[in-house]
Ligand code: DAU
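Only one chain is included here, represented as structure tokens and corresponding to the form predicted on its own.
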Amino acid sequence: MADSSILVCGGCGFIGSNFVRVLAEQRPQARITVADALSYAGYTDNLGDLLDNRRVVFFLRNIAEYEGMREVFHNSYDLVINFAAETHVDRSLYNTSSFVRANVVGVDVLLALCREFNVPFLQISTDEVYGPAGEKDCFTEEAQLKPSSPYAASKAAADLLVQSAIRTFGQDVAIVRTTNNYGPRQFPEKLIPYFIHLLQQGQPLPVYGDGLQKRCWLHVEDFCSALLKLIADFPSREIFNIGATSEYTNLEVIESLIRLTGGRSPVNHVADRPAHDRRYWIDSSKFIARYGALTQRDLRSGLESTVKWYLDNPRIFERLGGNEAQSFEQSHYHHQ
């Protein structure tokens, strides 16, 4: 796919923008188009000079709006990859309808357009669709979907729509499910950038429950590199897990952030989030068998470079000052 034309939906968000950057760097002949609604977590600044020098073509579009997206599809593509989504579990507790519109209706629109224009489609999903894993559980791609939160349920619904498109239409589609990604350009309401911000401000760190929830953390650039392997040999009608293997509790991550920033903010244990999954764990052996080893930088070095990026780019925290971000922060974190 070195000289292919690729439509990246949600390409101004966290993972999407990092993917566009990795794609542009490693596949310089690829023709890249980005469609993004620029909701509160999407910024053209995330693409920087890629837009300035016309390396990337940008369309301001909402994937849930059929007619607007259909105009974009007339440009002809070799692949459509969808990162566009509402992703913050906490927000899904307050406004389920926006998650259904973006994560379910939006995927339905993209599937219909990919059928109409005969374009392969890759849906980016999450390990959260499997629900909580026990201490000895390891979910393969065949595991039953048991989402807990409205966010996870909306992503599971999208996955089922993709699978139904295979069975009903024989559509050329695939699904990737990944673990927690971290790294530069993440909207600062998520744990790592948000706590870096609080540490810089000397504010208390609101930790859900006992803070012993376990997550596997994959650097976003490592995930994007894995995606490049996958799209170069597109696995039509397949599902692949792409997950980190190093597991850490939330408290361990927070302790690392405190050490790396030199912050002195106190940890403030707050009421746990409803239906807060204790642990996730997915098996990436299917991906490894087909595409080779999954590159994973260790969390220590990954967090070190991530903290440095946020400290070197403090303006990203200004995004928390927007009306929607500010009202969410006040309603959620300060009324626990």
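From 1 onward, residues are counted along the sequence shown. No experiment lies behind these values; they were computed from the predicted model shown.
This next part talks about the form predicted in complex with the named molecule, which is not shown.
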With the named molecule left out of view, choose which of F223, F121, Y151, Y130 has a non-hydrogen atom within 4.5 angstroms of it in the predicted bound form. Y151
Quick one: from S92, N250, S265, Q163, grab the residue that has a heavy atom within 4.5 Å of the named molecule in the predicted bound form. N250
Tell me, please, which stretch of 223-231, 113-121, 131-139, 210-218 lies within 4.5 angstroms of the named molecule in the predicted bound form when heavy atoms are compared? 210-218
Does R273 reach the named molecule in the predicted bound form if we count a contact as any heavy atom within 4.5 Å? yes
Would H197 show up as a contact with the named molecule in the predicted bound form if we use heavy atoms at 4.5 Å? no
The named molecule contact at W281 in the predicted bound form, heavy atom, 4.5 Å: no
The named molecule contact at P235 in the predicted bound form, heavy atom, 4.5 Å: no
Heavy atom within 4.5 Å of the named molecule in the predicted bound form - qualifying residues of 160-199: T178, T179, N180, E189, K190, L191, Y194, F195
